[in-house]
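Next up is one chain by itself, shown in structure tokens, the form predicted on its own.
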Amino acid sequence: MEAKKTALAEIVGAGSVFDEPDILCEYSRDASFAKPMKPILVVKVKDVHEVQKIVKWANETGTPLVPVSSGPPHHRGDTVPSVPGAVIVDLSGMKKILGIDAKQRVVHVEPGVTYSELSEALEKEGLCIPTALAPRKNKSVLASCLDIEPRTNPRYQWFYPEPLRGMEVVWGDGVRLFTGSGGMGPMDLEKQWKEGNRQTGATGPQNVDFIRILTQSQGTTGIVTWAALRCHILPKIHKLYFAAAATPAGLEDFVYRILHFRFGDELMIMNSAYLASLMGEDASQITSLRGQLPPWVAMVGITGRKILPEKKVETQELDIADIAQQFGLKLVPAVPGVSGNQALKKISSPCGDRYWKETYKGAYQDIFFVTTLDRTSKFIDSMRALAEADGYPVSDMGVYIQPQHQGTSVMLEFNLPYDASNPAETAKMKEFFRSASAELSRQGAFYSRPHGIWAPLQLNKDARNYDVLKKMKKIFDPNGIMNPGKLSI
């Protein structure tokens, strides 16, 4: 181990290699049910050249590498080593915003850039970026996009990896590549920018779509060191409205019609438990909000940007209100306990020092998968029945439905708060999480982001594609050094 530490110190400097027990312990576990395992070293990198040297060294020595870019706490097990002898490659120090082009509406970021940092920089240029729902303060934007965390504005999601465009990747064999439309130019961003290429095309080099190999792969094929992200013009007017119903089925036709006409920006459905957890500042306030909020709400954001913003917002307000009325609903700017402005701020901004999902009981597990909107009610009924049979309080279960890809599908998420300080409750949640995940998979849940136990549940359904996945892994990571064990490969 000393030899490996010395070799890595020669690459990144002695001050960037760590083997202190307390630091290794931080990376050995997360808030998921992944099996704890200590890495042998943690190395903090500063640029792509260090990353490439480390990957080549890992191939020579057979050392597993686990890339990490977001700050703690982690919740999905993808940053915990699955095999002994791993080295954590911490990219959180790569915090450069390499360039912002307001005309082309694109920004280039390194993996350590968080939502808070990026939002502040983009706002100065009159831009914004579509975000995941109320992300953690120290969440890496690049990591969020690579995992395809759903954006809250499906209208502008032209393909699932939106807003990802071109990337720089060091593959598991040590080869460095620019993907997308930047793949045909020199391996130098400054030179490409001078030639007018802002890496806005996702496909390439040529017709190869490398972005599909890198997304949702949990660092098993390579390490991305920058990405070009598509931005939006910062709205001059931004409002959020609610439509309430007694059941999720009561909101389906309304949401389908909004998607059909491409109205609104933000569009999502939540039950009262989920919205209360999002809005509440402490456990008592969350409990209070649950008693005030409607059982289910659809939320629709409306924006006005550069051209006639007031007219656009006014027109869409009237049109969406008419659509709501057609389905026996009412479009309102507030529901008991929460106003549209309050909800919009929470939805679109990084949360505070403590992640909002941890507020109610201190810990949680999420079960999320892709389905279609018309099937969500059946999954929700099944999950309620599973919770009741297991003794989990159904009133604590949050449900979030996020349309994706212009409504062609939705992400359905079940949020399950629990008290991790209670060993019995933790053990019961671990078993419930396992059994519920398996049953929902049996009923047709598609775990498109197959973290942890979901990987075998999903991949074993399709032996042919699973075999292709293994072959692709062998091509880009021939020695199997990139986060081995994830995705069951």
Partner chain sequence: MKLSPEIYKEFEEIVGPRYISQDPGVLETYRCMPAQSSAHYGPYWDHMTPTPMAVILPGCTEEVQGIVRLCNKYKIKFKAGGSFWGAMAYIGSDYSIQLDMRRMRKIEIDVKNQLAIIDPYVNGAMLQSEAMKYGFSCNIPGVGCSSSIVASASGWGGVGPSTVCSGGHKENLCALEWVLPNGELLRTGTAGSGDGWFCGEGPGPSTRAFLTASMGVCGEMGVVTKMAMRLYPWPGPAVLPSTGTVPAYKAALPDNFRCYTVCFPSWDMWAKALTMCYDSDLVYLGHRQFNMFGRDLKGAMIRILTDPDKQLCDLEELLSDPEVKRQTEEMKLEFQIVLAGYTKRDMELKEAILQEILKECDAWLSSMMLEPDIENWALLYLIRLGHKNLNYVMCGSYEGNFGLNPNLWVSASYMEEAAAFKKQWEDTHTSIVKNGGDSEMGSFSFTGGGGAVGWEFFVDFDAYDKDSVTGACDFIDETEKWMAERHLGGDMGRSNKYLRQPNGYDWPQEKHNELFSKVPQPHVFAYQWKVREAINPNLLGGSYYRTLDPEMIPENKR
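Positions refer to the first chain, counted from 1. These figures come from a predicted structure and were not determined experimentally.
The protein also exists as the form predicted together with its partner chain; that form is not presented, and the subsequent description refers to it.
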(request) Choose one stretch from 277-285, 69-77, 152-160, 339-347: the one whose residues place a heavy atom within 4.5 angstroms of its partner chain in the predicted complex. (result) 152-160
(message) Would all three of Gly204, Asp209 and His260 be in contact with its partner chain in the predicted complex, where contact means some heavy atom lies within 4.5 Å?
(response) yes
(request) Answer with one of Ser448, Ser32, Thr63, Ser437: the residue that has a non-hydrogen atom within 4.5 Å of its partner chain in the predicted complex. (result) Ser448
(request) Scan His405, Lys137, Arg384, Lys96 and let me know which has any heavy atom within 4.5 Å of its partner chain in the predicted complex. (result) His405
(message) Please tell me whether any heavy atom belonging to Leu308 falls inside 4.5 Å of a heavy atom of its partner chain, as the geometry stands in the predicted complex.
(response) yes
(message) Since only the chain is shown here, I'm wondering whether Ser377 would be in contact with its partner chain in the predicted complex (any heavy atom pair within 4.5 Å).
(response) no
(message) I'd like to know whether Phe476 contacts its partner chain in the predicted complex, with contact meaning heavy atoms within 4.5 angstroms.
(response) yes
(request) Classify Gln458 as contacting or not contacting its partner chain in the predicted complex by the rule of any non-hydrogen atom within 4.5 angstroms, answering yes or no. (result) yes
(request) For the stretch 171-192, return the residues whose heavy atoms include at least one within 4.5 Å of its partner chain in the predicted complex, in the order they occur. (result) Trp171, Asp173, Val175, Leu177, Phe178, Gly182, Gly183, Met184, Gly185, Pro186, Met187, Gln192
